[in-house]
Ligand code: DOR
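A lone chain, given as structure tokens: the form predicted alone.
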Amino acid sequence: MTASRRTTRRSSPEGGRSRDLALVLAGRTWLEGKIRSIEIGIDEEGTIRAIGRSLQGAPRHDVGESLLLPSATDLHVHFRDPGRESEPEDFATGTLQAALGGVGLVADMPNTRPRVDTLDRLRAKEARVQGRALVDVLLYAAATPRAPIDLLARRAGAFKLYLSPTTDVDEVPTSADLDLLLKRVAATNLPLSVHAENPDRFDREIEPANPPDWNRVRPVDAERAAVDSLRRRPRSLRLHVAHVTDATIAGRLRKEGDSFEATPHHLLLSMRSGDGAKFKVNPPLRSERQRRALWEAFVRGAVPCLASDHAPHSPDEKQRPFPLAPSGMPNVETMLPLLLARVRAGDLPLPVLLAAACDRPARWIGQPRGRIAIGHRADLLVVDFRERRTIAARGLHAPCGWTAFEGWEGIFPREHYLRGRRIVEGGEFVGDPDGTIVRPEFAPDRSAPQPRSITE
């Protein structure tokens, strides 16, 4: 804890059982449709055990007029660990960015070198996390026709399926493979995230030189066709569609009750936002009209999850000829600050952001976090909306040394608590590399009763 270990026994006014408290955080939060004063009691294990207006006895930290918010869960990062020697990132640097950006749990993708598609490779990746991660980590395993799905399901936190080539992914399942693969993953009851682009709809006649060309090579129709191919899945499959770029596809997925995400770059950038390969991502940045429609859907709360798709590459790689340059951009440190700035500007309701960045992503992977609720993990942020700053690569912590959001406004958390222990103070990391590997603790479709929340 960040304060002395003096404890008290306090019954929660919100229905939690009496427990020893180790810390009380006092401040303001979103409660019953408005910002209200609140105190949060945290036990020795880092779980929220009491919520009330005045909790006595435990060491108390008052954050004043700042807001107490849940840490974010990022369902989609690429830390490229293990990877090539030229890779600028690893779990230590990636989770540092997450901690400073207000993300308490990251879900790392399996398209590393080697790809995480065997039990030995998954164990090797687990070993790379231990003692290096500064926040908690969930590890995806690759869902491929030849992968031992049943064995991987014993240790993986989720599966990732690629329906089109992308960075370090060359082979994709055939239509015949897909149906059986979806059934195999559904039988594990683990979540499945899908990169949904159909390569049969790519225009291979175009030699791309810029982001608008890339949008023509990999059009929205390729996304739509890939989403259509998932309709044959078992209904028990815990499906999630990654990085949706089009509001009509988002509307279809929402109508069918499927989980999906949008990224900061597809919400805030269009294909005309920059000319070089730094703006090359998969799926591509779309037109300004399509970007605006997706943003409007997000603001309405019609996009369930926000995820960074953090995928850093060195400046040298991004300066290669456009067709040869890798896709992706760093995002995990700036994702939440960018959107908090939009909240301050009045462009985005705070409860919409909290649901998309914190609550729903955690629910999808079966983690009791992302809400200020009794029984949830005390992964919390202290955010002062008066503390704005201009985003600049030199002030960030991505080893690649660049950001597509240079010059944008961000609001970064002043403090970050992981399991009730302060890991960020004054915008600096002050914790230890004691992030843990997590797996789903409950299945949302047949879960144990959810802890009661005061943020809904």
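The numbering used is simple: start at 1 and walk along the sequence shown. If you're wondering where the values come from, they're calculated on a predicted model, not measured in any experiment.
Only in words, not in the display: the form predicted in complex with the named molecule, which the text now covers.
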item: Residue stretch of 321-329, 366-374, 130-138, 348-356 approaching the named molecule in the predicted complex, non-hydrogen atom distance within 4.5 Å; value: 321-329
item: T167, heavy atom within 4.5 angstroms of the named molecule in the predicted complex; value: yes
item: Close approach of N111 to the named molecule in the predicted complex, 4.5 Å, heavy atom; value: yes
item: Close approach of D309 to the named molecule in the predicted complex, 4.5 Å, heavy atom; value: yes
item: Heavy atom of H313 within 4.5 Å of the named molecule in the predicted complex; value: yes
item: In the predicted complex, the residue from R291, K125, R238, R80 that sits within 4.5 Å of the named molecule by heavy atoms; value: R80
item: Selected contact from V116, V281, L381, A378, since only one has a non-hydrogen atom within 4.5 angstroms of the named molecule in the predicted complex; value: V281
item: Interface residues of 190-221 toward the named molecule, as seen in the predicted complex [heavy atoms, 4.5 Å]; value: H195
